[in-house]
Every structure is written in C-alpha cells, then in structure tokens.
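Presented as structure tokens, the chain that follows is alone, the form predicted on its own.
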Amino acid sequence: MGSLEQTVHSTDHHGPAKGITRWLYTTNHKDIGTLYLLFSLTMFFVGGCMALTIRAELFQPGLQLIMPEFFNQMTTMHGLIMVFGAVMPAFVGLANWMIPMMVGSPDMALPRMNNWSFWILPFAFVMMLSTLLMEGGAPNFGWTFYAPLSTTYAPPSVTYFIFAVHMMGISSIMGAINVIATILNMRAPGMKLMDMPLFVWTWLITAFLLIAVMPVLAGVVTMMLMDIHFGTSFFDAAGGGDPVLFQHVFWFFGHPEVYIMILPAFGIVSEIIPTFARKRLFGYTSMVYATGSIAILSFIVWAHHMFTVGLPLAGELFFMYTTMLIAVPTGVKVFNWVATMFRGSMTFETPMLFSLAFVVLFTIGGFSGLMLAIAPADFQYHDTYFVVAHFHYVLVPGSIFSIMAAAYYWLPKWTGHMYNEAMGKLHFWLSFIGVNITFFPMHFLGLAGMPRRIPDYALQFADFNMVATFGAFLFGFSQLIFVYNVISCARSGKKATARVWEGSHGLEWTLPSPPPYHSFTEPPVFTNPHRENS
C-alpha cells in the first residue's frame, strides 16, 4: 500500500482539467462513469414523471387529465426513456467506474472512444424528447413500436425517433467494444478470467450481447424508415409485406436486450451479498457458466412474446420449452445467493437491503414470467396488466434496485465520504413498499382482463388502479431522498476508509477513498487466495 500511495501522489499533477472542459473533453473512466450515472439519474426522473402522468390519468375511470393521444405518447416515451436512457446508461456508468479498478487497469482500453460513446447520448435523447413539441406529437405506438402502427399510421416525428435510436445503438456498441477490450487486454498480472469479480464477468457477457443485437435493432428501424419514406413494403401487407416480420426482428433484438438489462444486476448483487454475509460467494464457477447459459439461451426464446400472432403449434411448443429452460440457470443464481447468505454473519446496511429485495422480488417477477411462458395460458394473459406487472417486477426491483444497491455500495469509495445510513434505509423502505403497492395489484387487474395501454377502463378495475397510483407516487417521490443523500454524501460526511465495508475483497478496495484520478499507474500483482481449480 505504501508504494502504491507514493506512486499515486507522484502523479497528482496529471489531474483533471478545471471547469466545463473537464467534462466535455475527459477521457478518464471515472469522469465518464460519473457523466453516465448523472445522465441516467436525469432520465430516470424524466421517465418517472411520464409514469406518474400515466398513473394520475388512471387514478379513476373516465378521462381525467390528458387526452388519449397524449396518453399513448406518454406510454411510448416512458418505456423508451427508462430502457435506453435510465437503465442501460446506469449500467454502462457503473462499468466505466468499476471495471478498470476491479481488474487493476489504469483506465478503459479506448478512452477517446469512451468520451464519444457518452456524448452521443444527450443529443440522441434531446432529439427524441423534442418530438413531444412537433406537429402530430411524439411517437404514440408503444415502446415496442410495432408496425404498421409505427409506419403507416405514425406521426411525422417518427423519423426523428428512428435517428435517435440509431445514435443510442452506436453509443451502446462503442461502450461494449471498450468493455471487452479492457477486460481481455488490461487485467492485472496474475488475474485469470476465472479470478475476475462476478460484476466484471457479467459485463463481459453483456457486452457481447450488445454487439450481437444492437445491429438488429438498427436493421429493423432502417426497414421502418424505408417503408415510411422510400416506398418499400417490408411490413405493409398491402404491398406484400408482413407486419409479423416486424415482431420477429424486433424481439430477436428485444429478448437479449431484457438480459442486457439484468445480467449486470446479477453481477452487482453477487458482489454485495458476499460482502455483507461475510462469506465467499457460493458456487463462483457455476455463476459464470449460468450467466453464459442465460446469454446463449436469450437468442432462442424471442417468439414467446408472440404466442398470439398465429405461430404454428410446433413453434409455440419450441418457444414454450426453451423459455422454461432459461429458468434453470436463473434458478442456479438465486440458489447460490441464498446459499451464500446461509449461516453468514449478515448485517443489513442499505446496499444489502436493496440486494435482498432484488433477490425476493426478482424471483416473483421470474415466476410470473414462467406463467407467461406457458403458451395456452399466455393467450389469457397477453396484452393485459399481468404482463405490465411481470416486466415491472423484473425491471424495477431487478435493474433499478440493483443500481440503487450499487450506488450505496460504491458511493463511499467514489466520494470518500459515508452516506447517511438512516436516510438510505428510509429510501429503501419507502421504495420497497411503493414498488409492491404499485405493481402487485396489476397482477389481479390483468387476470381480471384489464388491457394495457388504455387511458380509460371499466368500473370494476377502479379500486386496484387507485391503489397502484398511490404506490407509484410514493415510489416516485421517495427517490428524492436518494438524490439528497447522494448530494450530501458527495459534499460532506464521515470520512470513508480504503476498505469501506468489513467483508469487502478485491482490487478496488486497495485504493484510497476517493481513488486517485489515475487508479493504477503501475499494474498491481494479483493473487487470488481462493482460486478454484477451474
């Protein structure tokens, strides 16, 4: 540690530039990670305001606040912003901050490209949000933008939406290439692939998924563009095209995308649970193989979103069985997290609370996913609020809670200050209660037959909708506690030690808190005391 600190202090004059130019031109992985996280937080609140607009309209039956057309724009923009603007950039920000520190690298492998991959995003989202002000309004066809709704019947602003999606895809591919290059080429001497922290492993696999499926998304939106402006008929039945082709191509991107949004969460939770259970992660090797299995299987289950479009029976059976099969590696992970906690010396700091909520609520989302995987049953559930409940149980307690857990876990390392633990726990409990009050009643609404994406509904759905709206506002406004806690932690608070948490292990905890601008100017020599024979 002594020699490491001397190295650090001798390079202080290579610190950041001053003022706005630091953030515009930075190639430092910590600065770019911070930019991604701040951008994600901003988009989280923008998308959240849209969600609260939707829930306010659904508080009572009848049209209350907004017109149906604007309601459709809100459902579309909320989904797109949360998926592409909040969840994915947050995980990329965490990757930028932590992967070089976890593998003992001085920075990301391609720092200039790293800068570019971030700065594409604000322009893409400004373009997408600007469609709200255009004649005809923003895209109004749902976040899955099914043709022909998104081609033949779309507002003129759809062209701007397509260009914004292209820019997001370019950003994601550049970020993914950078992650792969860093992990494969810049690990500390002595660190084998099977020595890497689980977060690094999950991101390596996620990066390959991104490179594989983002061009598919680019392809489908380009086909939309051709149908709208250049007279082709890929998805227009009148010209010999097939609207169901759109669904096949979209979901070939969309299903791996679901795992792009959850695999890094698995990695985060696999870092946090062993720390606060004060035990080594149970079944490290099986966790790595399970992650790889999920990634491979994610490419062969896409049509389980399409059971009602008229697939042949053999197709329905194939996609039903493969979808049930993907539950096996996911179950391995849940089992391993529970086994890690078994007989551990557990404490319940805020990161651990969010991680425990993740395990429990994500498992509930997984079970409802298995219900949707049964093809004959899916005919009943399809396009109802049961589906809305399912994917929000996967994405909110899954992706969002894991991002919150990561923020609390690594915030003292980033800022050098401890956050307010009492405020963190208050934030957790309000979020936990709010999420369940919001989304659990939606299962019953769906089973009773309430269709999704509607601004008005029959009287028998009123009570559960009122409860869900109350929960949504509780969850939304409790996030302000998180923002206050992060800002106050960055400015002041009890000084954090290098090894912030008692049970923490890994190269990132050998650096002081906050870490120096250039983490490892000389590569640390890594030895794994727990190396498995694998």
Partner chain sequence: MSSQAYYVPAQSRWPILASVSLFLMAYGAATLINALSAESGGMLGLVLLLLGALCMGLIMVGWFGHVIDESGQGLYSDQMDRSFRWGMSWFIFSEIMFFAAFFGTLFYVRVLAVPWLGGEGEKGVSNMLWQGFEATWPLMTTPDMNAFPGPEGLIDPLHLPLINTLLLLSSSVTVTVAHYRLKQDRRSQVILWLLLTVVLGCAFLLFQVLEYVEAYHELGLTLQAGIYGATFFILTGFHGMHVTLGTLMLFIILLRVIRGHFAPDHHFGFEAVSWYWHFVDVVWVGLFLFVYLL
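Positions refer to the first chain, counted from 1. From a predicted model like this one, the values you see are computed outputs, not experimental measurements.
Another form exists, predicted together with the partner chain; not displayed. Remarks below refer to it.
Which residue, 372, 244, 364, 132, has a heavy atom that falls within 4.5 Å of the partner chain in the predicted complex?
That would be 244.
Considering 320, 423, 186, 437, which brings a non-hydrogen atom within 4.5 Å of the partner chain in the predicted complex?
By the 4.5 Å heavy-atom cutoff, the listed residue in contact is 186.
Quick one: which of 90 to 98, 423 to 431, 246 to 254, 450 to 458 gets within 4.5 Å of the partner chain in the predicted complex, going by heavy atoms?
The contacting stretch is 246 to 254.
Each of 106, 215 and 238 within 4.5 Å of the partner chain in the predicted complex, by any heavy atom, yes or no?
Checked in the predicted complex: all three residues contact the partner chain.
Heavy atom of residue 418 within 4.5 Å of the partner chain in the predicted complex
Close contact is absent here: in the predicted complex, residue 418 is far from the partner chain, nothing within 4.5 Å, heavy atoms only.
In the predicted complex, is there a heavy atom of the partner chain that lies within 4.5 Å of any heavy atom of residue 192, even though the partner is absent here?
Flag for residue 192 set to no.
Please check if residue 336 has a heavy atom lying within 4.5 Å of any heavy atom of the partner chain in the predicted complex.
Although the partner chain is absent here, residue 336 would stay clear of it in the predicted complex, with no heavy atoms inside 4.5 Å.
Contact flag, residue 146 vs the partner chain in the predicted complex, heavy atom cut 4.5 Å:
Residue 146 lies outside the contact set for the partner chain.
Going by the partner chain in the predicted complex, which residues of 162 to 196 come within 4.5 Å of it through any heavy atom?
Contacts from 162 to 196: 163, 167, 170, 173, 177, 180, 181, 184, 185, 186, 187, 189.
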